[in-house]
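Only one chain is given next, in C-alpha cells, and it is the form predicted alone.
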Amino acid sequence: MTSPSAPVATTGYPWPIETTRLANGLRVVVSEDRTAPVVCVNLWYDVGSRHEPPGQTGFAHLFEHLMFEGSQHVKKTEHMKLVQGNGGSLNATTNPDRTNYFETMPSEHLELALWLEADRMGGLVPALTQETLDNQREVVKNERRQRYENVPYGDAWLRLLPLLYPEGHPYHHSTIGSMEDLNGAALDTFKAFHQQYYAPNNAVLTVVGDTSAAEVFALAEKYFGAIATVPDIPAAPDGSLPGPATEAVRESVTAKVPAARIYLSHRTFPFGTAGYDAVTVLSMVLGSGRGSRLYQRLADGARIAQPDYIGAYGVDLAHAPAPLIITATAKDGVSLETLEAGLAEVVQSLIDEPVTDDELNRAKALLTTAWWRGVSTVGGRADLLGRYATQFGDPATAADRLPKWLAVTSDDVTEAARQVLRPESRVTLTYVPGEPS
C-alpha cells in the first residue's frame, strides 16, 4: 500500500454566490445549483450564549425551541407541519457564537419556507404566551437531564468551559444555561431578548439550490422587507484574552461512569485564523482515527486506552481562542495515573517529534474528505455560506478554508503545538467510577 500524497485544492466552493442587502439590513446570500429540485433556506442570527447578559443564560437556546411554537400568522406546531407536510425537513441549532434555523424543501415550496421564517422573525413576540414559555422551559430542563446529567461523562462540556474561560468571559457558560436563570425570568424579559436580537439587521438569510438570485432577492423583499430594523443591538462582551493560560487547572469527578476517562483541553486560536488552521491539522494528526498518534501509541501500542473512546478535536468558535479537547478512556485494569501519563507523553510528542509527511498527508486527506462531504448537500452549503457571511462578512471567503488547511506545513503544526500545548496552560478533567459525593 502506498502512502497518501498531499491533496491539492484551489477552491473549496466552486458554485456561484450572489449577495444583496435589504434596506432594513438583512443580508441575503444565494448560491444557485440546478442539480436537483430542492432548496435550503438557512437563517443565521448573530446571537448565541456569548451574547447573554448575567441572569439570562440559556435564553438563545430556549428560543431555538420557542421559534417552533407558533408566530403571528402560524399556529402552534404548524411550522413543522407545513414544512414536513410539503416534503421538507427542518431543524435549528445554538452554539456560543450564533443560532441558526433551516429548512430543506422541494424548490416549488421556496416561498412557503421564506414566509415561515419571516413570520417568526417579525411576529414571534405577539404569539408568545406564558403557557408556551412554561412548556418549553420544561422541555429544556428535560433536555438538560437527558443530554448532560443522566448520561456518563455527559456534563464534561459544562465543566470544561468555566475551567477554560474566566468568570465574565462570554464563553464561560454553556448554551444550555442556568435553570435558575430560565426559571427566574419573566415573560416580558424573554420578549425583550427576542426583540433585541432577532432582527433583520442581525441576521443572514442564505438560500442554496434550485432557484435564482433574482427570485430569492424578490421574495426576501416581499416577506422580510417590511420588518423593522432594530437600532443599537448590543455587541457581545469582548472575548479577547491576553494569551494562553499560565497556570494548569484540574478537576476530578467521581461519578457513575463505566471507566476512568481524562479530558485534556487548551485554549488555542479563534476559528478562521492561520493558527487555528494549524490546530485543525494538528488535531487530525493527534487524534483522528486509527492512524492518529493517540490511537497508534495508546490503543494499539501501550494498550492502555479503549480504542473506541480516544481522540482529539477543536471546537470551532470564532470570537475568542477556541478550545482543543483531547480525550482517552482507560481499559480495564489501567489506572488513571497511567492513562494520564501516556496521554501527556503523546501530546508532548507533537512538540518534540516533527509531524511526518505521511501523517501530514493523511490529516489533509481526512480534512478534504470531510470538507467535500459537508458541501455535498444544499443544506451543508447554506450553513457554510451563512457562517462566513455572519462571522467574517463575506460568504465567498468560505472557498479559502480548504486551501488554507492544505497549505499547513509540518513546521506550522509544530509551532502551533509549541504555543498552545504547554503543560502550564492545560485544563485536566478526570472522571473516576464511584458513587458521587
Partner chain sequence: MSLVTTRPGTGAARPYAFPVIRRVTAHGGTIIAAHLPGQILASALLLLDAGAARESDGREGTATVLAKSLEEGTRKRDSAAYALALESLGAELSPAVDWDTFRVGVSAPGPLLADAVRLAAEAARTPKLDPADVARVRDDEVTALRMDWAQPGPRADAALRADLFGAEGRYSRPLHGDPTSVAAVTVDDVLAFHEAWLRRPGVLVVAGDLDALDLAALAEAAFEGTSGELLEQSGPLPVLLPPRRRTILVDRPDSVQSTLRFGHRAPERATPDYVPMTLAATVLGGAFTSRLNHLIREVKGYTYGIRGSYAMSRRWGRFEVAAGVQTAVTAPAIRDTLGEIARTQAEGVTEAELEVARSWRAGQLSVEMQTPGAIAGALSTLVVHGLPDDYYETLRTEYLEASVEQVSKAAAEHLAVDSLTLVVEGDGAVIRDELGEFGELVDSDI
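Numbering follows the first chain given and starts at 1. Fair warning: this is a prediction, and the values are worked out from it, not measured in the lab.
The protein also exists as the form predicted in complex with the partner chain; that form is not presented, and the subsequent description refers to it.
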Proximity to the partner chain in the model of the complex (heavy atom, within 4.5 Å), stretch among 407 to 415, 388 to 396, 33 to 41, 50 to 58: 33 to 41
Residue among Gly184, Pro307, Pro354, Pro166 with a heavy atom within 4.5 Å of the partner chain in the model of the complex: Pro307
Interface residue in the model of the complex among Gly123, Pro237, Gly177, Gly272, criterion: non-hydrogen atom within 4.5 angstroms of the partner chain: Gly123
Joint contact, Gln196, Val281 and Leu286 to the partner chain in the model of the complex, by non-hydrogen atom at 4.5 Å: no
Exercise: Leu112 in contact with the partner chain in the model of the complex, heavy atom 4.5 Å: yes
Close approach of Pro106 to the partner chain in the model of the complex, 4.5 Å, heavy atom: yes
Heavy atom of Arg261 within 4.5 Å of the partner chain in the model of the complex: yes
Any non-hydrogen atom of His319 within 4.5 angstroms of the partner chain in the model of the complex: no
Contacts with the partner chain in the model of the complex - residues in 187 to 220 whose heavy atoms fall within 4.5 Å: Asp210
